[in-house]
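Listed next as structure tokens is one chain, alone, in the form predicted alone.
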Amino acid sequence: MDKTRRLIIAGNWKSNKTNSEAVALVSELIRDLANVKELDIVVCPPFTALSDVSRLVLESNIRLGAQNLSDAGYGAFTGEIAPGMLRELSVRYVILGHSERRQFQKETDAQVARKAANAHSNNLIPIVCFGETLAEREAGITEQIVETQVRGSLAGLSVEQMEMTVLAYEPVWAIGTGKTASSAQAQEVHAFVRQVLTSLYGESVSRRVRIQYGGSVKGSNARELLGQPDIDGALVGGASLDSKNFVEIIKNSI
């Protein structure tokens, strides 16, 4: 697949897999994906499994990601995870602003921006999520919602930091529902986001930023979705919990 930007496929396990289950799954992925060099592969287990998974993937072609990060450092922040804790475990990526955290933990764009800045300050690559609900899409305000979230969630990032940021468009109505945005619908939003990035950082930066699609991605639709000119990968939810399904997505993306 001819892409100027290197594809990135990340598995967001959410609140799934015990430590032993995580080790078993990653062991299968390491075995089945050993020869895949064409794209970046990331797994994002729950915090409890990061340590053991880190040791497993260290010498592999799989990179480690976390599902959240504090907007602060070490200190009296009960329940929070400081960036230094992740760095010690060789975590490279961190998912920020996922729709579930925006919905259930009431995370705001400003909080996501602080977390993104914190990630960059500690050599972590943020995967910044955004996307509209079904009601917002049906109201015809997808672009307004997406632009507000993108601008707010990236506020304060420098050009250099932006180039090292991954974005993830996740239409909320397509997450875990079995519904998927058509390749044309997804491409339309990705192209619009690249226009927003151009207005913020200029065209040369916009062309280099990778934008993933997330929302019921599976092996059968991966090739068509990732074949779109502005879609640079996938943030995979449920399908990443099964090694066969996740491997199929990755191999169908090459």
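One-based numbering along the sequence shown. All values derive from a computational prediction rather than experimental measurement.
There is another form of this protein, the form predicted in complex with a small molecule, and it is not shown here; the text below is about that form.
Comparing 190-198, 52-60, 29-37, 210-218 against the small molecule in the predicted bound form, the single stretch with non-hydrogen atoms within 4.5 angstroms of it is 210-218. The listed set 162, 175, 113, 150 contains one residue whose heavy atoms approach the small molecule in the predicted bound form to within 4.5 Å, identified as 175. Residue contact with the small molecule in the predicted bound form: residue 14 places a heavy atom within 4.5 Å of it. Taking the partner from the other structure, the small molecule in the predicted bound form has a heavy atom within 4.5 Å of a heavy atom of residue 170.
Although the partner is absent here, residue 109 lies well away from the small molecule in the predicted bound form, with no heavy atom inside 4.5 Å. Looking at residue 71, you'd find every heavy atom of it more than 4.5 angstroms from the small molecule in the predicted bound form.
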